[in-house]
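In the block that follows, a single chain appears as structure tokens, in the form predicted on its own.
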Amino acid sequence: MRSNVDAIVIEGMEAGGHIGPVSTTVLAQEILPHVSHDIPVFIAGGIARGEAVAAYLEMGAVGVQLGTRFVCANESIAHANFKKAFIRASARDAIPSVQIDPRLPVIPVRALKNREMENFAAKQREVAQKLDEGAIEMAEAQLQIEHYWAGALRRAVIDGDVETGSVMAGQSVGMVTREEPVAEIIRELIDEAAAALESRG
């Protein structure tokens, strides 16, 4: 690799937070065969079970990056309301934010659907209207959209406001079913991965 990086993380659209347009499995198939022999590659996005970890290791990854699976760890500082939202949610509840106006670029954010996700669409329409009316310039309009989420994640994670905060979660959220220690989560992932690799010989 010309860029002298130590490793890279490939993250698919199933992940929580800011996402791109391509799924984890497609990115892994497209990238791993070409770069995994030159540089360590970690796979991220939608991973919550050891069998998936094993599959990516077999494809040439050196490891995985998980976020959503660890939110409900006992050691996590996330607010009890935030954790409850994860435990109640299914994969379909983790949706990407939508760009309303092509003039106002929005990097999609995957989060649990709530009032804030609806408010964001309304905010984009409001800003676009101000732009149409000449009340604000393009730079200001784009800045207003960028600043909208500032503090929204903190409101949800730390303050526990899961209605007007951003409850960022990956699609693997449906596999988060209880609070448990980090050590238990890791042990379960390792056991599942080892059993999967062993069963394949």
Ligand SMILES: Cc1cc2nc3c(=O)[nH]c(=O)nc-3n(C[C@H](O)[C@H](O)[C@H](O)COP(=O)(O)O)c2cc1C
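One-based numbering along the sequence shown. Source: prediction; values computed, not measured.
Same protein, other form: the form predicted together with this ligand, not shown, and the subject of what follows.
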**Request:** Spell it out for me: taking this ligand in the predicted complex, does every residue among N81, I95 and D161 have a heavy atom no farther than 4.5 Å from it?
**Result:** no
**Asked** Which one of these stretches, 100-108, 87-95, 67-75, 118-126, sits within 4.5 Å of this ligand in the predicted complex when only heavy atoms are counted?
**Response** 67-75
**Prompt:** At the 4.5 Å heavy atom threshold, is G45 in contact with this ligand in the predicted complex?
**Reply:** yes
**Prompt:** Taking heavy atoms only, is A55 within 4.5 angstroms of this ligand in the predicted complex?
**Reply:** no
**Message:** Against this ligand in the predicted complex, would I39 count as a contact residue? Criterion: heavy atoms within 4.5 Å.
**Reply:** no
**Request:** Indicate whether V62 is a 4.5 Å heavy atom neighbour of this ligand in the predicted complex.
**Result:** no
**Message:** Within 4.5 Å, heavy atoms only, which of I136, L153, L32, M175 is in contact with this ligand in the predicted complex?
**Reply:** L153
**Residues of 141-174 having any heavy atom within 4.5 Å of this ligand in the predicted complex, listed in sequence order** = L153, M168, A169, G170, S172
